[in-house]
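Shown next as structure tokens: one chain only, the form predicted alone.
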């Protein structure tokens, strides 16, 4: 694995205002230590025109159009690809959690998840593959179908930046609806804290597999949710629809930590049995694990198709 770049540090990422810049910086810093290999098995197809601006490759100017309109337009191209990836991002209220401790270096889950989704999208497009984005809570909030054209990254970033966490999480209805929109084999990436009051998560994920989709789950939790570090009498208010609860965390801390650890182990074992890849991410840690896992998965998919 490549050395971790300072640009991947959660605290540094949280201070960078533009998600687009964060995603690109993260990927380019990560790839700088990777061994790059040429992308094979794709072809180039015309996608759309854009107005010429300084720095564009003049080889792609449509001179016939210049002669007819006296305006300079540049042809943009889209790579035909064997891989179509759909990223599903949990936009429920619990994803908005951030620590009340200002010195805690971990960023909130939504910013972490946004950056991961943006970085994965940029990485996928950089490999000339197609990527789409679905945001959801108990229903689909927005859906961008997979495309590989150059301007597609901006559409994804726009939806990521405008996502406001709210509501509760229900995977069943969302995955049922999404599976009907996805055609052909491909890759589904689910990014969530997996706080959901339902027992049909496994059943829903089986549906994705039945559609021929390779699936990667990125399970994101804040360290506060892992360790329950609070002291004294505390009133916990729900970010979704639960009632407030008052208690002393010291009384339940050990049992709580054991329960969370058991839940993570249960996910690992259950998803492995289904052939679904599971990656746990703590928001105080760098995002290189998520990117590295995607690259390993992408490499296995290329071998599988060859």
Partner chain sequence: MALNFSSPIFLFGLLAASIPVLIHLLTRRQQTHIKFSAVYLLMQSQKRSIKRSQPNKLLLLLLRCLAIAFLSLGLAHPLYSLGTSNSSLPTTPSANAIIIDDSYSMGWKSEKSNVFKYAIDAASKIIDQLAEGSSTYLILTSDPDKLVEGSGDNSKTLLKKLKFTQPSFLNADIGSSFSTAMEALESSKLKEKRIYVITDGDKNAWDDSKFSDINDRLNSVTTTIFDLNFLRKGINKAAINNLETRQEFLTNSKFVRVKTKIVNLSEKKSIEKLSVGLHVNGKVISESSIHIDANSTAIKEFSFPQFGIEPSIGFVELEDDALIADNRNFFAYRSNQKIPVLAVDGDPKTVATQSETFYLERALNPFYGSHSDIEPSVSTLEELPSRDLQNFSVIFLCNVRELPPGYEFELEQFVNAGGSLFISLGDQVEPKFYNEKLGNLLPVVIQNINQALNPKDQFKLSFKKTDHPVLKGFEEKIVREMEAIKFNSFFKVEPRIDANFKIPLRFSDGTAAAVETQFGKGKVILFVSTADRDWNDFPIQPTFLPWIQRWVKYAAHSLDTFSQGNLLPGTPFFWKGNLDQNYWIQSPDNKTHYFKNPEDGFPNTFRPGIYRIFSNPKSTNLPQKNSINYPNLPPEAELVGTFSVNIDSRESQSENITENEIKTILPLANLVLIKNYNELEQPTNSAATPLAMPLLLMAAFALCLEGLLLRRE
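As the structure is a prediction and not an experimental result, all values here were calculated from the model. Residue numbers count along the first chain shown, from 1.
The next section is about a form of this same protein that is not shown, the form predicted in complex with the partner chain.
**Q** Using heavy atoms and a 4.5 Å limit, would one call residue 250 a contact residue for the partner chain in the predicted complex?
**A** Answer yes; at least one heavy atom of residue 250 falls within 4.5 Å of the partner chain in the predicted complex.
**Q** Classify residue 86 as contacting or not contacting the partner chain in the predicted complex by the rule of any non-hydrogen atom within 4.5 angstroms, answering yes or no.
**A** Contact check for residue 86: no, nothing within 4.5 Å of the partner chain in the predicted complex.
**Q** According to a 4.5 angstroms non-hydrogen atom cut-off, is residue 196 in contact with the partner chain in the predicted complex?
**A** It does: once the partner chain is placed as it appears in the predicted complex, residue 196 has a heavy atom within 4.5 Å of it.
**Q** Please determine whether residue 94 contacts the partner chain in the predicted complex, using a 4.5 Å cut-off between heavy atoms.
**A** Residue 94: yes, in contact with the partner chain in the predicted complex.
**Q** Counting only heavy atoms and a 4.5 Å cut-off, does the partner chain in the predicted complex sit next to every one of 233, 243 and 263?
**A** Checked in the predicted complex: all three residues contact the partner chain.
**Q** Ok, 69, 238, 53, 272: which has a heavy atom sitting within 4.5 Å of the partner chain in the predicted complex?
**A** Partner contact (heavy atom, 4.5 Å) among the options: 238.
**Q** Since exactly one of 200, 111, 225, 138 fits, which has a heavy atom within 4.5 Å of the partner chain in the predicted complex?
**A** Contact with the partner chain in the predicted complex is made by 225 alone.
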